[in-house]
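A single chain comes next, written as structure tokens; it is the form predicted alone.
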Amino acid sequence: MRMPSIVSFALLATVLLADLPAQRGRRGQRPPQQPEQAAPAPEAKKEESKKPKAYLAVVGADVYLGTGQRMTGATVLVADDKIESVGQNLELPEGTTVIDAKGKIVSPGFICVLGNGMGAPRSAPFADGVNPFDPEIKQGLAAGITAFMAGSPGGGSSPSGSNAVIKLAYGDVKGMVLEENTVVAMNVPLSLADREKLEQAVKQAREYIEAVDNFPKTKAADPNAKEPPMPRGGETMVAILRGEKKLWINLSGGGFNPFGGRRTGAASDLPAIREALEISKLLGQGVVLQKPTSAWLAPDEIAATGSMVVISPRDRLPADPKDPDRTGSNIASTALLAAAGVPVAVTCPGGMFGGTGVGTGGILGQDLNTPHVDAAFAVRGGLDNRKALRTLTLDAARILGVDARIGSLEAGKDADILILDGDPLHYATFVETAIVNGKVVYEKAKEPLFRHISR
């Protein structure tokens, strides 16, 4: 037999050695890195950013901006899912889809601060539980609703809550959850012990925020310095003080009549309102008073703290016969609060069997069809019509902590737009077209709900 030459052995050894890195990789060891595959090439990113925008223009309408202002014969220009500009005689980019709205009214989508259904789950995880094809979404859009808060604002002796601002982005699961947990809530009155706990939590949160703000200087002076630790359980209070969450305060003193909007219980919740305002002063910023019956007695006190109010103009509480001028509900509450500079959002009455927020449940009936009725009741009580629209748009967005995204027709905000055949708060007005995230998601003429009704 012929023996292999020394040269053959050398060649074989060279091949085996050259293949060792690949063999190590196949055996589970780390293969050699390939930097060119670690990140997409800059050219690819540039190409992606050059993707042409899809433009949509609503042209020729009387536009209610949601801020209290109105423009006649204006255009709302949308680029992808954002408002590009609002004005008169705008130059439209080539290829813009145009909706002729001459003779119509355009407004921001209505925002319900309390709601249920409409494709949203009642609890977290919200992003996993939304149903973008729920028929209630179309019903809500037909009523002008484009966003609402689902879940619970919270309660108890310290701030808590699990909720999300849901958009009625029919057919678009990714576009439905605007933001989660922008709101937390607590109850008053507090016991002395709970008040002390709250004060301690605020103190610790303030100290933490100050330490974090000063940490760069501390680190520069001492390279071994460690970042300040978050106080135990202090995440929520820190977020409140930083303005990242709105604190709602639930006022005790009365339940709800299951047979309508009449509220039963104590004839005045003024002491609870004032306790809530003391918490606002402790925080150094405004809170949100949830459904205060006696707010009409203290509008200036509420305004002085920068606080806001969620109110149901349809709630009724009889006055105490012994003090009729300073007890009970008042249909003028919203007007009095607005005159003092207090932002107000309206919502529907509650009921024992449901209906605590806008939805189809509860003995109260189909509040989902009529969110504008609550704002109209505020007008009945003396509120200016354009300010009343704010209770369903910009002020509602502020109370939910999402006014940077929705609530008014301004450049840079989400394109959530209604095209209406009349005044937004008129009982006979219909939504003709609803746009959410820049997409047409409802057209009256194409849906069975109201297409058979014309006037």
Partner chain sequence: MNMQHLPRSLSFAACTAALLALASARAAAQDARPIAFTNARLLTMAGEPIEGGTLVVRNGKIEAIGKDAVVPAGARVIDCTDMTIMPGLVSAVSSAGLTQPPSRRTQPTQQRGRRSMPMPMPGGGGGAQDKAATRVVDGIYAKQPVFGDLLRAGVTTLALTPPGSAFPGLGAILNPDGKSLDELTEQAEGFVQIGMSIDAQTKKLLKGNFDAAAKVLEARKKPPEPKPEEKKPEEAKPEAKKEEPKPEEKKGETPPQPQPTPTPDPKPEPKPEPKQDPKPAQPQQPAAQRRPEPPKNPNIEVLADLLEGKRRAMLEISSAAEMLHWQQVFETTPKFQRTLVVQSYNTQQGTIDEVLEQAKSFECAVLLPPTLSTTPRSRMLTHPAKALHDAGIEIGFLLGSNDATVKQTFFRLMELVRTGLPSDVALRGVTLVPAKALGVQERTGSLEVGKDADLLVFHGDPLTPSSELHAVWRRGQKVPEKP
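Residue numbers count along the first chain shown, from 1. These figures come from a predicted structure and were not determined experimentally.
Omitted here: the form predicted together with the partner chain. The next part is about that form.
**Student:** Can you tell me whether F215 touches the partner chain? I mean in the model of the complex, with a 4.5 angstroms heavy atom cut-off.
**Tutor:** No, F215 stays farther than 4.5 Å from the partner chain in the model of the complex.
**Student:** Residue-level question: is N131 within 4.5 Å of the partner chain in the model of the complex, judged on heavy atoms?
**Tutor:** Close contact exists here: in the model of the complex, N131 approaches the partner chain to within 4.5 Å, heavy atoms only.
**Student:** Contact between Y170 and the partner chain in the model of the complex at 4.5 Å, heavy atoms?
**Tutor:** Close contact exists here: in the model of the complex, Y170 approaches the partner chain to within 4.5 Å, heavy atoms only.
**Student:** May I ask you to check whether G161 falls inside a 4.5 Å heavy atom distance of the partner chain in the model of the complex?
**Tutor:** It does not: once the partner chain is placed as it appears in the model of the complex, G161 has no heavy atom within 4.5 Å of it.
**Student:** Taking 4.5 angstroms as the heavy atom distance cut-off, pick the stretch from 171-179, 71-79, 216-224, 301-309 that is near the partner chain in the model of the complex.
**Tutor:** Going by heavy atoms within 4.5 Å, the stretch is 171-179.
**Student:** Tell me, which of K102, K281, K197, R122 has a heavy atom within 4.5 angstroms of the partner chain in the model of the complex?
**Tutor:** Only one option qualifies, and that one is R122.
**Student:** Which of these residues, A193, A127, M230, A211, gets a heavy atom within 4.5 Å of the partner chain in the model of the complex?
**Tutor:** In short, A127.
**Student:** Within 4.5 Å of the partner chain in the model of the complex: all of P153, G156 and N187, by heavy atom?
**Tutor:** So, no: the whole triplet misses the partner chain.
**Student:** Given a 4.5 Å distance limit between heavy atoms, list every residue of 398-417 close to the partner chain in the model of the complex, or none if there are none.
**Tutor:** Read in sequence order, no residue approaches the partner chain (within 4.5 Å, in the model of the complex).
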